[in-house]
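In the form predicted on its own, a lone chain appears below as structure tokens.
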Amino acid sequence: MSAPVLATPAPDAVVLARPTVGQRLTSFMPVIALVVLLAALTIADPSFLTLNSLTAAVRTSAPLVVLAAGATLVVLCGGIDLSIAALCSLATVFFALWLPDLGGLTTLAIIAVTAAIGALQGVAHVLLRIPSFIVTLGGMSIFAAVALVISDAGPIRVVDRDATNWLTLYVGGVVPMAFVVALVVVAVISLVLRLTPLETWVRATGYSESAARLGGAPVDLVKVAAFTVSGACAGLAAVMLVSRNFSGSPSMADNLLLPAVAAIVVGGTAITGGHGSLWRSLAGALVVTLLRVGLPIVGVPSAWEQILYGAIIVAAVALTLDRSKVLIIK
């Protein structure tokens, strides 16, 4: 009689669930919303669907696209970065102050510094085990205060425009260079994710952090990397804003936080993490930009803008929330 064989259970692995029907539908939501909104604005004002109007709209959307792209990585990991707008405003002040000394190197310096600041927030999140909401909320307050102090609570004019002039050019005389750069940022980050294990690690971390750790994913490094990219994107968005406004200001990007979050959730990225993509956030950013541009066209006062963003965020989260991961609502 043979001895019984005891099977040794295999270690838990990270299993990424296939997208549900609801998730597949939400993947088309931003594109459908973009087409419907564009049609509605054209009906309200037939002159809106012109080359000049569309060019102005995509140029306006460029900083928002870059901000949303970086923050999307953090959300995919199951976190949130509330400091992107304040860090972006601080970066515009840094740019205006450093430009006379650094010249053409200012853009690279800004991106490097904001990436380091993002990494510092990521390290604080993973080492101190503090929720990303709290870390970035504190960061938002710190960055806003530092920007006010070093700028004397006022705008700093940028006289030398050579360092940012390239962002004001047009590709083929039609497409704004700033928007092309935003597309390149989205494409490069998406390509890096697709061609490396990062995409699997990011989604696994967002779906279930504990399972990702058991499966061997470097969860802490992935989170720090996500915050680093988010910080770098905030720096690049700041350069875009300076190129458009010819100044740095401690509050220049403060009104972009809600639109960036709205772009992410309208794009179908689940606020609980694990599901979504940067391309959807791009579409979401275009939807939000059309809303900002289109409200005055249909006669809606700009004071209603923040109300609309709040309603959009609540509705989009309700549609994309993975309730199987949230057993208790607090």
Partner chain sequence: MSLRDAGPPIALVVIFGVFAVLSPDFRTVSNVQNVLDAAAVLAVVTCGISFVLMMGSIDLSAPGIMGAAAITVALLAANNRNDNDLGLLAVAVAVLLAAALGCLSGLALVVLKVPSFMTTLGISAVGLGLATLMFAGVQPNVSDPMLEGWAVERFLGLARLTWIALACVLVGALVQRYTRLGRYAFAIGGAEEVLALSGVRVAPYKVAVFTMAGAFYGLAGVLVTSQLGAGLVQAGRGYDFSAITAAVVGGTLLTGGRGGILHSTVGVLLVTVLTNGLVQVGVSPYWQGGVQGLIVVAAVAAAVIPQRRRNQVTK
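Residue numbers count along the first chain shown, from 1. The structure presented is a predicted model; accordingly, all values stated were derived computationally and were not measured. Note that the rigid core is defined as the largest set of C-alphas that superpose within 1.5 Å between two forms.
The protein also exists as the form predicted in complex with the partner chain; that form is not presented, and the subsequent description refers to it.
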Can you tell me which of 213 to 221, 95 to 103, 109 to 117, 228 to 236 lies within 4.5 Å of the partner chain in the predicted complex, counting heavy atoms only?
213 to 221
Heavy atom to heavy atom, is Phe28 within 4.5 Å of the partner chain in the predicted complex?
no
Can Ala145 be called a contact residue for the partner chain in the predicted complex at 4.5 Å between heavy atoms?
yes
Hey, in the predicted complex, does Thr272 get a heavy atom within 4.5 angstroms of the partner chain?
yes
Is Ala68 close enough to touch the partner chain in the predicted complex, meaning at least one heavy atom pair within 4.5 Å?
no
Going through 103 to 134, which residues have a heavy atom within 4.5 Å of the partner chain in the predicted complex? Please give them in sequence order.
His125, Leu127, Leu128, Arg129, Ile130, Pro131, Ser132, Phe133, Ile134
Just checking, between this form and the one not shown and with the core aligned, does Glu305 shift 2 Å or more at the CA?
yes
Taking the shown form as the reference, report whether the CA atoms of Leu38 and Ile312 lie closer or farther apart in the predicted complex; the distance changes by 3 angstroms or more.
closer
Output row for the Val314-Leu41 CA distance, |change| of 3 angstroms or more in the predicted complex, reads closer
